[in-house]
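Starting off, we have a lone chain in the form predicted on its own, written out as structure tokens.
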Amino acid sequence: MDDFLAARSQMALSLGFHIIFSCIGMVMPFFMAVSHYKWLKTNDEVYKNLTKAWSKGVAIFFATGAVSGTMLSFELGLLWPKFMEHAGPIFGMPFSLEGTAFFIEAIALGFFLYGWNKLNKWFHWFTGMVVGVSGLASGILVVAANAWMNSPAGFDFVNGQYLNIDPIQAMFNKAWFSQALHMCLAAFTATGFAVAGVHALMILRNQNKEFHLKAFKIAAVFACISALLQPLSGDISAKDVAKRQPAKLAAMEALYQTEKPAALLIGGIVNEKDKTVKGAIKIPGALSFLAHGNFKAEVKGLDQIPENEHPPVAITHYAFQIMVGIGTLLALISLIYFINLFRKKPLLEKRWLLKLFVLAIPLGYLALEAGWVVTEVGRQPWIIYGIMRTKDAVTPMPGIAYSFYIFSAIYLSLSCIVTFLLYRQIKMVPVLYDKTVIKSK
């Protein structure tokens, strides 16, 4: 493995792990806040115990996300020094604000975890909300920095120099809103389905049904609303990418030749050597509509883009297909769930629906990871789109492959530790939180 490939692999691995930890840390506090609110309004002890159980999970993922996020910040400087040398002064503001949001989140989480029976009950609930809002703000600020890499703004690039820097314009670049919206909905969808699926599994196993049913309903509502809104944000993102990054859109759809109108491909096997796609289902004019809102519009293909600026087409296309396919499936499950809800059908009688949620546990995160592959791989060969190539930003220091192996071991260890802690937390529900079981005994 050469150093350039090792650096890219290490960054991909780090982002792949961190995004899961951070998304759970962003979303779970809102589940916790809803449960806490229901306890305050109904005085139902099950909601109180559910809030305490979820708060332990939030603490676990907050600690893990802090570790993986700190490692990522060091990696940016160590692996991509040329990038940080020029980009740091421009998009440093969102990272600084993200640090502030992180400290607010840490303080609020401390108040929440240790504030039971010590703080005013509504102030205590408010601290839980602060954990969620500050975590969400952290995620949006980091995405704003990534969006700047896709849509550079806030500076003039003259003769290889970055002049007239405007950090505000850099942070609120043309891509930040569409990316932040899509990412936030993806986080709520993925985490909501994962949490709802775990509780659905416990219901199917006849374990602590009242506790897990209440938990399932809260998580499922968040997940299903987000999943149904996600196609709308996807449409916004597609139209934005079509304007700013036509090469990425062409790679997403494996569009080698410019078409007017352009068909949308579903599936297909990409042959990058022959520049063909076999076995795909074509929907005439659909890509033109998704990209430009007009079924007869022209969509630029890779034939109009220099060969040395083409992204890896196969990886981008397959990742995009996985993301859209899973997103469509989760939206269908959401629609079925709401139809069942509006018909007021008892959920416990719909075991097949609970099984669908169990099957969906990993799907949201697979779509999330695939989406980030589309974002990052589809931007290649650029690290700053149209300005700096990835190969020009990598560190000249040798031995990066060893760093990759070490970081891989660290992330594997973190994953094992988190899995063990969560498994233990779930197994301890009847002992620590479900008081109805204790009373019955």
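Because the structure is a prediction, the values reported are computed rather than measured. We number the residues from 1 along the sequence you see.
Form predicted together with a small molecule: not shown, discussed below.
K.L.:
Checking a candidate spot here: are 26, 72 and 102 all in contact with the small molecule in the predicted bound form (at least one heavy atom each within 4.5 Å)?
P.N.:
Every residue of the candidate spot has a heavy atom within 4.5 Å of the small molecule in the predicted bound form.
K.L.:
Heavy atoms within 4.5 Å of the small molecule in the predicted bound form: which stretch in 405-413, 378-386, 49-57, 36-44 meets that?
P.N.:
Partner-contacting stretch among the options: 378-386.
K.L.:
Does residue 395 make contact with the small molecule in the predicted bound form, using a 4.5 Å heavy atom cut-off?
P.N.:
No, no contact at 4.5 Å.
K.L.:
Even though the partner isn't displayed, in the predicted bound form is residue 62 close enough to the small molecule, meaning a heavy atom within 4.5 Å?
P.N.:
Residue-level check for residue 62: yes, a contact with the small molecule.
K.L.:
How about residue 369: is it within 4.5 Å of the small molecule in the predicted bound form, going by heavy atoms?
P.N.:
Residue 369: contacts the small molecule in the predicted bound form.
K.L.:
Against the small molecule in the predicted bound form, would residue 222 count as a contact residue? Criterion: heavy atoms within 4.5 Å.
P.N.:
No, no contact at 4.5 Å.
K.L.:
Identify, from the list 302, 194, 90, 145, the residue with a heavy atom within 4.5 Å of the small molecule in the predicted bound form.
P.N.:
So the residue touching the small molecule in the predicted bound form, by this definition, is 145.
K.L.:
Just one of 291, 218, 270, 149 has a heavy atom within 4.5 angstroms of the small molecule in the predicted bound form, so which one?
P.N.:
None of the other options qualify; the answer is 149.
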